[in-house]
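One chain is shown next in C-alpha cells, namely the form predicted on its own.
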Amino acid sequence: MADADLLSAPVFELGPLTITNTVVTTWVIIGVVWLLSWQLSRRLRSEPGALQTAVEGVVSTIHEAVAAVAPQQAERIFPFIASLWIYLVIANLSGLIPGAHAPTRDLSATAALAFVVFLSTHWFGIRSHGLKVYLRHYLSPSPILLPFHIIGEITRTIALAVRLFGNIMSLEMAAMLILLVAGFLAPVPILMLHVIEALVQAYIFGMLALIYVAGGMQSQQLRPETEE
C-alpha cells in the first residue's frame, strides 16, 4: 500500500494520453505560480507591504545568485533560472500537503526538467555565439574529444534527473516509514527535515542548471575560434 502511494497513478485519460497525478500536481503548481505572479504584479507599490517586501527579497536573492555565477549574462538567464527555482521549491514542498506527493518524486518529471536544462544550455549558448561557433567548441582542443564531449553532456543530464528523483523519493519514503513506526508522535522533526531537504535539493538542481547554462554562454573556449 505504501509502495503504491509513492508511485504516480493515472487520474484520467486525454485521448491516447494518460494523465497521472504527477501531471495534475504540476499543472496546479504552474497555475498557482501564474495566478500569484499576476496578482502581485498588479498590486506593486512604491512603499511595499510585508508580502511585496518578501517577494522582492526572494527575487533579489535569486538575481544575486545568478549574477554571482554569470555577471555578464545575468539579465538574460535570470527569468529561466528564477522560474526553475521557484517551481522546484513549491514542487518539492508539495509533498507536505496531505494526500499529495511531490512531482519531483517521479523520474519522468525530473527527467523532463533535466531535458529542459539540457536544451536551454545549448539554446543560450547558440544565441550568445551563433550556431557555427558554438558547435565548433565541441572540437576543441582536438576533434578526437568530440565523443567525450557528447558523453559528458548526456551523463550530466541523466545525473541531474536521477539525483533529484532519488533524493525526493527517498525523503518521502523515509517520512512514510517513520510515520508508520512512530505514528504522529513526532511530526514536527519529520516536517522540518522534509522542508530543509526539499529546499536543499531545489537549490542544488537550480544551481547546477545555472552553472550549465552559464558554461554554455561563456566565451573562454570559444574566443580563439571567434577571433579567427
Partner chain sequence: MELSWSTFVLEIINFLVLVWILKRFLYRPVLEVIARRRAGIEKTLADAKALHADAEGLQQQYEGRLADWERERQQARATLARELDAERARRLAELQGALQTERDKAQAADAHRQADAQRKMEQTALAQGARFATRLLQLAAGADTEARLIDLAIGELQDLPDDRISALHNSYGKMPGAILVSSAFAIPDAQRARLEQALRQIIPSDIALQFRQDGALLAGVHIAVGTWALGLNLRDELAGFAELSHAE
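Positions refer to the first chain, counted from 1. All values reported here derive from a predicted model rather than from experimental measurement.
This next part talks about the form predicted in complex with the partner chain, which is not shown.
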With heavy atoms only and a cut-off of 4.5 Å, decide whether Leu17 touches the partner chain in the predicted complex.
yes
Using heavy atoms and a 4.5 Å limit, would one call Ala67 a contact residue for the partner chain in the predicted complex?
no
Report yes if any heavy atom of Ser140 sits within 4.5 Å of a heavy atom of the partner chain in the predicted complex; otherwise report no.
no
Partner proximity in the predicted complex: Leu177 to the partner chain, non-hydrogen atom cutoff 4.5 Å:
no
Tell me the stretch among 105-113, 92-100, 148-156, 128-136 that has any heavy atom within 4.5 angstroms of the partner chain in the predicted complex.
105-113
Using a 4.5 Å cut on heavy atoms, which of Leu44, Val200, Met192, Val181 is close to the partner chain in the predicted complex?
Leu44
Residues within stretch 83-98 having a non-hydrogen atom within 4.5 Å of the partner chain in the predicted complex:
Ser83, Leu84, Ile86, Tyr87
